[in-house]
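In the form predicted on its own, a lone chain appears below as structure tokens.
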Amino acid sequence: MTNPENPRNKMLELKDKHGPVSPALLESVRQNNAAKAAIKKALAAGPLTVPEIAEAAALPTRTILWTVTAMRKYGSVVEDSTDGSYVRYALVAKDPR
């Protein structure tokens, strides 16, 4: 007998009900995960501003801004200090995710 509380079983049930995940959604998730990984790699060297992260990660500033905002909301990064009108962001000691 299968356990209905198992997350894999729930995912299979949703897939049966709604069909497979669209390629566009999968690509969006892949890009978001890649951006988060690039930000974490850049911040491993120490606190940086959004433009500095964008330069280090070779990603558009807009992508960095939105991704850092989400990472801050969910506790992966914190505001560390300021550099003029820019906020420097740092990785948290232990990422909750």
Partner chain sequence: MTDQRIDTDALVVGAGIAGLQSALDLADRGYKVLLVEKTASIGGKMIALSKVFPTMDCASCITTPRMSSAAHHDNITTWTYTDVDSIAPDGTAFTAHLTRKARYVDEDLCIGCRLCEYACPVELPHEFEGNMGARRAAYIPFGTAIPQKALIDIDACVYCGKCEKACPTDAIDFGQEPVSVTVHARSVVIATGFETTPLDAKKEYRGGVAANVISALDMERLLSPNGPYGRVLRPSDGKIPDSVAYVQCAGSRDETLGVPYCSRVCCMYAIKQTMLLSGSLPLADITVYYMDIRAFGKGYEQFYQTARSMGINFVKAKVARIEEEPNGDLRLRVEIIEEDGRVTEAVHDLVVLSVGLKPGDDPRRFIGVDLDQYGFVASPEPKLDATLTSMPGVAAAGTAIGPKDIVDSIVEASAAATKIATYLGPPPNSPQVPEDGLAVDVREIKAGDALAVAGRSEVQRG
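Residue numbers count along the first chain shown, from 1. Take the two forms, find the largest set of C-alpha atoms that superpose within 1.5 Å, and that set is the rigid core. The model shown is predicted, which means the values in this text are computed figures rather than measured ones.
The same protein has a further form, the form predicted in complex with the partner chain, not shown here; the description that follows concerns it.
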Touches the partner chain in the predicted bound form: Gln31 (any heavy atom, 4.5 Å): no
In the predicted bound form, Ala37 touching the partner chain (heavy atom, 4.5 Å): no
Interface membership of Ala45, the partner chain in the predicted bound form, 4.5 Å heavy atom rule: no
Contact test in the predicted bound form: Val50 vs the partner chain, heavy atoms, 4.5 Å: yes
Residues of 64 to 94 having any heavy atom within 4.5 Å of the partner chain in the predicted bound form, listed in sequence order: Leu65, Trp66, Thr69, Ala70, Arg72, Lys73, Tyr74, Glu79, Thr82, Gly84, Ser85, Tyr86, Val87, Tyr89
Large Cα shift (2 Å or above) at Leu25 between this form and the one not shown, core-fitted: no
